[in-house]
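Let's start with one chain on its own, the form predicted on its own, as structure tokens.
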């Protein structure tokens, strides 16, 4: 009588490594013509314990697998690959970049005169969205109990008019002038005998400070249109910029956008040759596929040449091609793009986001200990 053999001991179940179909399910999202599959993450450490595979995440294994590769870097944009992390971490960086990395933005606008067609509230809103060329790390937050001073406030002045009989005047951001002495407007006082006070309390001139002496606190872009003045119209105002984060208002968000996508992976399930190969190449609008010659017989076959450019339009798997091509996304490989508004360079923004996430982790650890 033959002894019973456990299914787990059968030779077709490799011990210590995942079968191909389970490895695909664990590490890839497969994009079908109608919907993606295997989108969930396998987080449970003992998910594959029965076949001797450890699915736990440790600090050592994370440090070995985690990588950052910069693909493209300009003054305003960076594209880099983050390899070996979960989607939750990639999304944490994205959310921090949008909402929690601080910048300087115009918060208070003191209107002296505005006879333009732009309402005061709309004009103040437009001013708040102008990126400022000021490093937020050099400033402090202004709380309700603090007085505006040289360490928490930047003051700008705008004074433009269009004379009668003159052509229309375009008011641009380069006409915002930095006032290093602070506010020039006086606050209303009921006490006639007391000395008039301005809206700021600067103890020194801002451009006398070493961090501001070589880099004036102007605007990042000089050609942003604020308003257009007709003959006889004028705008005179004072704008006060303070430090804030995107959670409070979008004008403090340091990025035009921060987004990521999983690395595309295209697999040819069968060899595609001849006329079918040419059809497949023509179907893709971003030239993911290319033609390769087969030996001396003059034959041709399709190959995956540029998988990174795939936009998941699914044109290549529509119709009869669905059995030939499989679109995948690598679950732990993210292509991250950051577009800065200009206050900080894109690489500095990511470093600041890492520091903020580190502070969050430290607070959680301190609360639990």
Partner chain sequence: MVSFCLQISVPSEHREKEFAMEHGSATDSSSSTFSLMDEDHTLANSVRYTLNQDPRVIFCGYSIPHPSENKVNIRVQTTGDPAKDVLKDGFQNLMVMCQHVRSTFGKAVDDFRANESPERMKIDTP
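Residue numbers count along the first chain shown, from 1. Source: prediction; values computed, not measured.
Just so you know, the form predicted together with its partner chain exists too; it's not on screen, but the next bit is about it.
Among residues of the shown chain, residue 24 is not one whose heavy atoms approach its partner chain to within 4.5 Å in the model of the complex. Although the partner is absent here, residue 337 sits far enough away that none of its heavy atoms falls within 4.5 Å of its partner chain in the model of the complex. At least one heavy atom of residue 100 is located within 4.5 Å of its partner chain in the model of the complex. Although the partner is absent here, residue 277 lies well away from its partner chain in the model of the complex, with no heavy atom inside 4.5 Å. Between its partner chain and the residues 268, 110, 118, 138, the one pair within 4.5 Å by heavy atoms in the model of the complex involves 110. Put simply, of 249, 283, 261, 151 only one has a heavy atom within 4.5 Å of its partner chain in the model of the complex, and it is 249. Only one segment in the set 284 to 292, 206 to 214, 240 to 248, 162 to 170 has residues whose heavy atoms sit within 4.5 Å of its partner chain in the model of the complex; it is 240 to 248.
Scanning 75 to 103 for heavy atoms within 4.5 Å of its partner chain in the model of the complex gives 75, 78, 80, 85, 86, 88, 89, 92, 93, 95, 96, 100 in sequence order.
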